[in-house]
Ligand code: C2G
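As structure tokens, one chain now follows by itself in the form predicted alone.
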Amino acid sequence: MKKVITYGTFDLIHHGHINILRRAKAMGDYLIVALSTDEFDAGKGKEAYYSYGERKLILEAIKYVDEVIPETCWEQKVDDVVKHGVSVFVIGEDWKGKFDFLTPYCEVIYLPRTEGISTTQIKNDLKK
């Protein structure tokens, strides 16, 4: 079985999120989403609209997602890849080069983001 993993906060789920999950799932047989915990987001100066538990529930309902695990720190990625037998690490291209350290463990793919949509944009539009 070819396992794929991706990481993120996945707050305010939108079609850009669905696109990246669909494309990630198409690269293998099993998709793991490492979902940022509320504590990890707070440490990055971010605050999600939905709690970790709510975001996890939403992700688990998406047909492309096979498993959701917590992302609690930046350093866990190598351990996650090894522990879960991951073949492919997928993330948005705005992170290009940042995860190349994983190449001894798995293939690393940076996917283009969906143009015209982002959680930040949604939050800014709602403030207007």
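Computed from a prediction, not measured in an experiment: that's the story for all the values here. The first residue of the sequence shown is number 1, and the count goes up from there.
FYI, the form predicted in complex with the ligand isn't displayed, but the following is about it.
**Student:** Check each of G85, G43, G92, P70 and return the one that places a heavy atom within 4.5 angstroms of the ligand in the model of the complex.
**Tutor:** Spelling it out, the residue with a heavy atom inside the cut-off is G92.
**Student:** Consider R113 of the chain shown here, and say whether it contacts the ligand in the model of the complex, taking contact as heavy atoms within 4.5 Å.
**Tutor:** Although the ligand is absent here, R113 would touch it in the model of the complex, with heavy atoms inside 4.5 Å.
**Student:** Quick check on C106: any heavy atom within 4.5 Å of the ligand in the model of the complex?
**Tutor:** No, C106 sits far enough from the ligand in the model of the complex that none of its heavy atoms falls within 4.5 Å.
**Student:** Tell me, yes or no, whether W74 is in contact with the ligand in the model of the complex, where a contact means a heavy atom of each within 4.5 Å.
**Tutor:** Answer yes; at least one heavy atom of W74 falls within 4.5 Å of the ligand in the model of the complex.
**Student:** Should A24 be counted as a contact of the ligand in the model of the complex, where contact means heavy atoms within 4.5 Å?
**Tutor:** Answer no; every heavy atom of A24 is more than 4.5 Å from the ligand in the model of the complex.
**Student:** Can you tell me which bits of 15 to 45 touch the ligand in the model of the complex, meaning any heavy atom within 4.5 Å?
**Tutor:** The stretch 15 to 45, when checked against the ligand in the model of the complex, contributes G16, H17, I20, S36, F40, K44 at the 4.5 Å heavy-atom cut-off.
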